[in-house]
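This document opens with one chain alone, in structure tokens, the form predicted on its own.
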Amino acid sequence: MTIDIKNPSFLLDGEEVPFTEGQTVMEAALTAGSYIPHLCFHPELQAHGSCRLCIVESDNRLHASCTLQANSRLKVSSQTQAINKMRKHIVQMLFVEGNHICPSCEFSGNCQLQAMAYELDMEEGHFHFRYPKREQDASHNDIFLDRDRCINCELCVRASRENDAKNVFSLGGRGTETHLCANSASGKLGDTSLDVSDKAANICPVGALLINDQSYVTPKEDRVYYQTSISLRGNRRPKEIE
């Protein structure tokens, strides 16, 4: 591969992807229209590579593409059978570690976890379902927190800290007991400063945070991932969370 200093690019699955200085592989790929699966990445937030769905291979090593800095020497593989198998197992584990009931969920069709399962041809959970007991929080007048759906992606945590400057959320616990916390003396969402207009209230990819008067407003056939696969949408997100 010839390195062009003025117009740098790297190879992604054999195709040249241009980038600008400071971009990660994920950012450059999405800008160029090349989709790399992800759940915890958001273009407006600092990446931290927690979900590991965006793993790619370069120099015989696996990297989180949302934190891997692009450079002209990179030769990156993303859409391989082995990598997609690992991604599928990650999605399967996310399903069995929570309580996801897609047919009755008001976020079905807008849910990125569900869309990712379709994208990766996930037909069953593979692992044993844990059916964890998770607390729901209906203390807020406008926003409902359903921890059964939470995948601990920390998008709301980062959005509240980086965009809203409120620090409403954090993660508590360890291992399988890790859970989303509301940062108030009572631990209740209703005692925080979270507002329906906050980025944190509208960024959840799985519907763990729901605006009360928006449930079931959009018919299922009009929801984004019923119309277009998540890979074709790229980094364009459902209207509710843009």
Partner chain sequence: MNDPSKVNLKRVVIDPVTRVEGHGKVSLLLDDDNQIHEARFHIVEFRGFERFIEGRPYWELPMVVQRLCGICPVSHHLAAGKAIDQLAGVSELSPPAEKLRRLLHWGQSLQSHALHFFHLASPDLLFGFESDVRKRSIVSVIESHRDLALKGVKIRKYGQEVIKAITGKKIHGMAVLAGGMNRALTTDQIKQLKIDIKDIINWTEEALVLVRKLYLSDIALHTKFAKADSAFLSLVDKDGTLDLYHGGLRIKNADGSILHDHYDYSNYTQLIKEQVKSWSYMKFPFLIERGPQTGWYKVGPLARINNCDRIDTIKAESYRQDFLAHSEDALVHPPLAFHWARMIEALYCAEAIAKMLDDPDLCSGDLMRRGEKQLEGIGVIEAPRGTLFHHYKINENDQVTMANLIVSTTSNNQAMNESVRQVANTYVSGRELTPELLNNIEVAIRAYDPCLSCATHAVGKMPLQVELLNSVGETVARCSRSSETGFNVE
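Numbering follows the first chain given and starts at 1. Treat the numbers as computed from the prediction; the structure is a model and nothing was measured.
Another form exists, predicted together with its partner chain; not displayed. Remarks below refer to it.
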Legend entry - Of N167, N71, Q136, S77, the one that lies within 4.5 Å of its partner chain in the predicted complex (heavy atoms): Q136
Legend entry - Contact flag, R161 vs its partner chain in the predicted complex, heavy atom cut 4.5 Å: no
Legend entry - Distance check, V217 to its partner chain in the predicted complex, heavy atom within 4.5 Å: yes
Legend entry - Proximity of F127 to its partner chain in the predicted complex, heavy atoms at 4.5 Å: no
Inset, instruction - Using the partner position in the predicted complex, report whether E119 sits within 4.5 Å of its partner chain, counting heavy atoms only. - result: no
Legend entry - Contact segment among 141-149, 111-119, 84-92, 168-176, judged by heavy atoms lying within 4.5 Å of its partner chain in the predicted complex: 141-149
Legend entry - Within 87-121, the residues that have a heavy atom no more than 4.5 Å from its partner chain in the predicted complex: P103, S104
